[in-house]
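There is one chain below, alone, in structure tokens, taken in the form predicted on its own.
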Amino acid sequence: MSTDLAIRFDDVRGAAAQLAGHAHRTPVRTSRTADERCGAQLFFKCENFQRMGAFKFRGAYNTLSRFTPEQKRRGVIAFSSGNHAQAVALSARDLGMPSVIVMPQDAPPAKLAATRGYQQGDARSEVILYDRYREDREALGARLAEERGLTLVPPFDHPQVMAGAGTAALELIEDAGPLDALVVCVGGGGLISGSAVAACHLLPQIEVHGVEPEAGDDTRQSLARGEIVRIETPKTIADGAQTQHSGRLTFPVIQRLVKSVVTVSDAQLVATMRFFAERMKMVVEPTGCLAAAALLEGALELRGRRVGVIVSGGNVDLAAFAGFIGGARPGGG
């Protein structure tokens, strides 16, 4: 693997050491029904059982735990639709530093409430809301960081965030054994880039595939054009993948190491949420269903292979979850 990428396998291995005793080693689960439907052996890495309910804790804690004493004193700022927000708030609380979290006004109520809950006990912590369809969260975060002397930790385009996220794939391969393919959800690319670095180092012949929501296929478009494509904020139930573009650091990794990026519809995500609830007794958020949906709903066929599937998170408002899985069965879409 070329060393000109933002992270190397040693960075992922170092993140694993940094996270030991702080992040959960989440379970790898299987389903005979899923295997029969896909004609493959699927190994689900269940990050919905991670601390704060998503893989994002890995990158956030790996990054914040490396702050200098002065950075810790001043505090951290992050922008996020929910999971990175919760991860940074929880990591900051554990490490005894203040946090400022910039979240969209329409963030799922459960994610907003959890973020505020993790911040309790530090009077200097706060949540700032913005309009994701009219305001630029990156510009807002950068301005507040400058004004308040905070350290900005972006949700995906940061080497330590990427390396921390990659520990999910590292653990999956250690626990499940050799895999022929790895399927990962794609938002800004932090999880898939870190995971691809880990997987391709450990298993040089592995195929890594990404999955985006149909409405937010910026990474698929970017791969086709050979450059980062920016889109309008996508309207999809996969709120964790409502990114407008891949990262400056994540995209070169995706270009180098990811074989394909496919898309699935919101209806297919709902069907997969229902599958996880009915068959595997798991609550999985829409974004967390992206990778599995590509296989279960036929957007990606990997018959006869041993396939790792990262289930990225389970933070979904329970009323919304009940509405999704209790509604009429969606069409193929």
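From a predicted model like this one, the values you see are computed outputs, not experimental measurements. When you see a residue number, it is the position in the sequence shown, counting from 1.
Another form, the form predicted together with a further copy of the same chain, is not on view; read the next lines as being about it.
At a distance of at most 4.5 angstroms from a further copy of the same chain in the predicted bound form, none of the three residues 112, 154 and 242 contributes a non-hydrogen atom.
Proximity to a further copy of the same chain in the predicted bound form, taken as heavy atoms within 4.5 Å, picks out 46-54 from the listed stretches 46-54, 303-311, 63-71, 290-298. Within 4.5 Å of any heavy atom of a further copy of the same chain in the predicted bound form lies no heavy atom of residue 35. Put simply, residue 282 is close to a further copy of the same chain in the predicted bound form: some heavy atom of it is within 4.5 Å. Within this chain, residue 16 is remote from the site of a further copy of the same chain in the predicted bound form, having no heavy atom within 4.5 Å. Heavy atoms of residue 9 never reach within 4.5 Å of a further copy of the same chain in the predicted bound form, leaving it off the interface. Residues are counted as partner-facing when one of their heavy atoms sits within 4.5 Å of a further copy of the same chain in the predicted bound form; in 22-38 these are 22, 24, 27, 29, 30, 32, in sequence order.
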